[in-house]
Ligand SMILES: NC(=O)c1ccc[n+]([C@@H]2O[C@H](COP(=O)([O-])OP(=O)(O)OC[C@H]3O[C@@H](n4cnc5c(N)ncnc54)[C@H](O)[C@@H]3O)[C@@H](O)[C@H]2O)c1
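Single chain ahead, written as structure tokens, the form predicted on its own.
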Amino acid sequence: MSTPAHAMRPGREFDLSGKVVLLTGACGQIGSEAADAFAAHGAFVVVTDVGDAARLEDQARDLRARHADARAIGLELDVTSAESVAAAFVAVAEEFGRVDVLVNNAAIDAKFDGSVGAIEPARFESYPLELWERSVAVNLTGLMRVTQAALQVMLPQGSGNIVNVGSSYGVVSPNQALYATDLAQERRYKPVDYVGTKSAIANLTRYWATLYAREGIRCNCLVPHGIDNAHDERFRQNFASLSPIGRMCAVEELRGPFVFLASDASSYMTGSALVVDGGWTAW
């Protein structure tokens, strides 16, 4: 069997020059860092998110200003809307003519830091089902909708690369001691909607990877954990005591893993979960 042409690029394995990368959930903490990393390695970046078109264009303009020869555009994309997804892919086709890498990052994740929303304090037995249904609509059905649209572009190309953003809570259950608070406060729990939806992503990754591998399309999953985002000191202390590495992850530590999975450096990987968790799932 001959060596694939894309494997014969010594010294340029991480080069994304000319690759069109479409990123969902681009305005969040992880999405913003990933977009910058892709642009820094030469990719043409399409930043998408729900909501403010002006904010997305500002983000794209900043990427173009920060990185020489960068091409970037911002597009509104609501993963819960078939019309929104279709319109975004039409716009990408008009601008670039192809999609080489899809990064599925859009997700609902209840936070303690206030950036997305408050943690629902209820345990599973009284957890509101409307919150579960909302998360399924974004984290799973939205993921499926965007991936279908991308595959309809990638299959005629004969190539493509899908990177799903999972969670360590798709590998292990949350240690609820991490979320312990002072006794005077209401007890908080990592909610079931996030755990349930993120648990499906690893196996959907394997499903797409094995289904499309011989048609030139790869699919892998990045599994982060514990991204530092202005958490309070009690939470930081809890995390440090439970983590083998003894600290939270700085968001910039995800840049290398994202670029690795999006680039030819990972050309013999498909159906894999790349765990970046400071050893959290190792014990």
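Residue positions are given as counts along the sequence shown, with the first one as 1. Owing to the predicted nature of the structure, the values given are computational and were not obtained by experimental measurement.
Keep in mind that the form predicted in complex with this ligand is missing from the display, and what follows is about it.
Although the partner is absent here, residue 39 is not a contact residue: none of its heavy atoms lies within 4.5 angstroms of this ligand in the predicted bound form. Although the partner is absent here, residue 29 is a contact residue: one of its heavy atoms lies within 4.5 angstroms of this ligand in the predicted bound form. This ligand is not shown here, and in the predicted bound form it never comes within 4.5 Å of any heavy atom of residue 255. In the predicted bound form, this ligand sits within 4.5 Å of a heavy atom of residue 109. Annotated contact segment (heavy atom within 4.5 Å of this ligand in the predicted bound form): 223-231, selected among 223-231, 210-218, 63-71, 39-47. No member of the trio 22, 102 and 205 reaches this ligand in the predicted bound form with any non-hydrogen atom inside 4.5 Å. Taking a 4.5 Å heavy atom cutoff to this ligand in the predicted bound form, none of the residues in 82-99 make contact.
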